[in-house]
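Coming up is one lone chain in structure tokens, specifically the form predicted on its own.
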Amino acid sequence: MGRHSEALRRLGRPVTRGREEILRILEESPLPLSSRDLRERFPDPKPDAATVYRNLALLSSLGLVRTVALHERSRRYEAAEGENHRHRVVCRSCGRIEAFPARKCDLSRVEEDIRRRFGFTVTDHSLEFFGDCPECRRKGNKG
């Protein structure tokens, strides 16, 4: 956990058990987690939901946690400083999420187009695919 403490100190923020636990849990999870998922994975004593949410907001603003929108009502979060970024596929019917490592992820043409058209310098990306999982297709759900 020294790495997480160091990142928080470097950014001038106090190191708390809650912040370290959030970073550890997100780093260990292959899938992005909701604030409720995070709280459930906390060792006892568990913090209240408001504390988890406040810490997620702070860690997001510091760039240590990234918000992931998967066309759901609730936000999900993932560690921003992962070794390998992952892409995801989401079932439109049941919400099942599968993450997979991006073997060859060269979006340099898309990033250059974004820079030319909108003036943005792209520093990161999140890529999600949506479809129907095998189970939902078998059941006949068409989401």
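This is a predicted model, so every value here is computed, not measured. Residue numbers here begin at 1 and follow the sequence given.
The same protein has a further form, the form predicted in complex with the DNA, not shown here; the description that follows concerns it.
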{"item": "Residue stretch of 112-120, 86-94, 99-107, 43-51 approaching the DNA in the model of the complex, non-hydrogen atom distance within 4.5 Å", "value": "43-51"}
{"item": "The DNA contact at residue 15 in the model of the complex, heavy atom, 4.5 Å", "value": "yes"}
{"item": "Distance check, residue 58 to the DNA in the model of the complex, heavy atom within 4.5 Å", "value": "yes"}
{"item": "Partner proximity in the model of the complex: residue 35 to the DNA, non-hydrogen atom cutoff 4.5 Å", "value": "yes"}
{"item": "Contact label in the model of the complex: residue 75 to the DNA, heavy atom within 4.5 Å", "value": "yes"}
